[in-house]
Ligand code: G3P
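Single chain ahead, by itself, as structure tokens, in the form predicted alone.
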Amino acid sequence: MELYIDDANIEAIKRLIDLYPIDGVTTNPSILAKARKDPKELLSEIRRIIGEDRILFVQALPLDAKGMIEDAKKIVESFGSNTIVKIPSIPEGFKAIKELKKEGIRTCGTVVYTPLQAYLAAKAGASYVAPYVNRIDNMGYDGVAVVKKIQNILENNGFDCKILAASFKNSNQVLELCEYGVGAATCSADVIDSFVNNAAIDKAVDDFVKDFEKLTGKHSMKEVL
């Protein structure tokens, strides 16, 4: 499962990229607004930090297909070919995805709440579909179950499309989807950190160090080898 940072906080991105096997960064208009910086400068800085090999997701803003297509072309021109354009999974969005597919621009059908939205985005040619796990939960449904159903649809119909699961409230949701073989997940910094934020892990590591220090008085293997 690919793992993305769902954030535009520069310091958080730098730290997580340094520590973890991160595949890229996802953004949306709300995330960019929260950062309170010029969007072009911020996205350019994110691209510099993650490099050309990692994927950057940027969302088109217009609600009509023509505008989405124009936005998509400018986004890829500005931030490189390894940039995927997020397109809302609405009728005009499906139209835009079809056209962008013909032009070789990769897209992600976003704002997915239902399996049929994901089906239409994938069939239109999206490279990813992004269901919002926690938001689906908050509507009274089971977000993880909905994502699993979408995974079944993609696999059973042979679509060349991955799930980019988003909107997580805890690491267990991520774990369930990782176990199910979902293609990708994008998480906030605190959720990614929670993957290994465990007092028992910290204590075990600390015990190993203390035991070795008692034996040798040294703090590393290189000091005794």
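One rule holds for the numbers: they count along the sequence shown, beginning at 1. Worth saying up front: this structure is predicted, and the values here are computed from it rather than measured.
This next part talks about the form predicted in complex with SN-glycerol-3-phosphate, which is not shown.
J.: In the model of the complex, does Arg135 have a heavy atom within 4.5 Å of SN-glycerol-3-phosphate?
T.: Close contact exists here: in the model of the complex, Arg135 approaches SN-glycerol-3-phosphate to within 4.5 Å, heavy atoms only.
J.: Considering only heavy atoms, tell me if Lys169 and SN-glycerol-3-phosphate come within 4.5 Å of each other in the model of the complex.
T.: Within the cut-off, so yes.
J.: Residue-level contact is defined here as any heavy atom of the residue lying within 4.5 Å of SN-glycerol-3-phosphate in the model of the complex; does Ile31 satisfy this criterion?
T.: Looking in the model of the complex, residue contacts with SN-glycerol-3-phosphate include Ile31, since a heavy atom lies within 4.5 Å.
J.: Find out whether any non-hydrogen atom of Asp6 is located within 4.5 angstroms of SN-glycerol-3-phosphate in the model of the complex, and reply yes or no.
T.: Yes, Asp6 lies within 4.5 Å of SN-glycerol-3-phosphate in the model of the complex.
J.: If contact means any heavy atom within 4.5 Å, which of 43-51, 189-197, 63-71, 23-31 contacts SN-glycerol-3-phosphate in the model of the complex?
T.: Single hit among the candidates: 23-31.
J.: Which residues from 81-112 come close to SN-glycerol-3-phosphate in the model of the complex, meaning a heavy atom within 4.5 Å?
T.: Just Lys86.
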